[in-house]
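Next up is one chain by itself, shown in structure tokens, the form predicted alone.
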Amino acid sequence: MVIIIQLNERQEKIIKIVKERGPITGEQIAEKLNVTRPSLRPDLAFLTQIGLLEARPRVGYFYSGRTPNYGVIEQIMKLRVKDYKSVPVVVTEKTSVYDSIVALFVNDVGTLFVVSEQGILEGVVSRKDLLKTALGKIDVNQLPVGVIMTRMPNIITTTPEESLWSAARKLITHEIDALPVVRKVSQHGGEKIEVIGRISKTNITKVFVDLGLGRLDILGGKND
């Protein structure tokens, strides 16, 4: 199988800058692109992971000139959301903001999914949403979470068959902590989406740590 790497526009610019100016620090690259250093981290990590760039402490990034490690890339592309999703933490629209905050901390998550009694996705509420509300002058014991949640169709989702890499890109692109894993179901003559799992930054981080430590069975898609 041949994997074709398609770099985005910013990654192409990074490669060009490093070729011309390397070794160069991440801060200097960010300055040349007029972006923040944190926003560049995913791109720099990806370019380093596939072997196009190398990084040395207190020196910076330089162009390796090596062919990307297609074997590693092929393995990563095989990972599927269904094999690494975790249990979603859900509330209903009528759940109070106070009880939602409690659920957030008890379950140690950054995002709650708001569902109907049938498990149909109706909204998403984040740690930031709850904090902003709690700092206001509203009675969080009386306010239902349905008032502050983000509703469909403004919710970014993933599916069991989507690649873990693609799900990770969604998390980074949209700057969110977690994605609901959903599947389509027929209900009342229409098509709805049911929440069946959760993929978070923690899920993604654990997978790549296990991959680096050799604890991941890529072909089987399971942890040892």
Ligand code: ADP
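Predicted model, so just to flag it, every value in this text is computed and none were measured. Sequential numbering from 1, following the sequence displayed.
The discussion below concerns the form predicted in complex with this ligand, not included here.
Stretch 176-184 is the contacting one of 53-61, 39-47, 161-169, 176-184, since its residues have non-hydrogen atoms within 4.5 Å of this ligand in the predicted bound form. Although the partner is absent here, Glu122 is not a contact residue: none of its heavy atoms lies within 4.5 angstroms of this ligand in the predicted bound form. At the 4.5 Å threshold, heavy atoms of Lys94 stay clear of this ligand in the predicted bound form, well away from it. In the predicted bound form, Ile156 approaches this ligand with a heavy atom inside 4.5 Å.
Although the partner is absent from this view, Asp83 stays clear of this ligand in the predicted bound form, with no non-hydrogen atom inside 4.5 angstroms. A heavy atom within 4.5 Å of this ligand in the predicted bound form is found for exactly one of Gln118, Gln142, Asn107, Thr150: Thr150.
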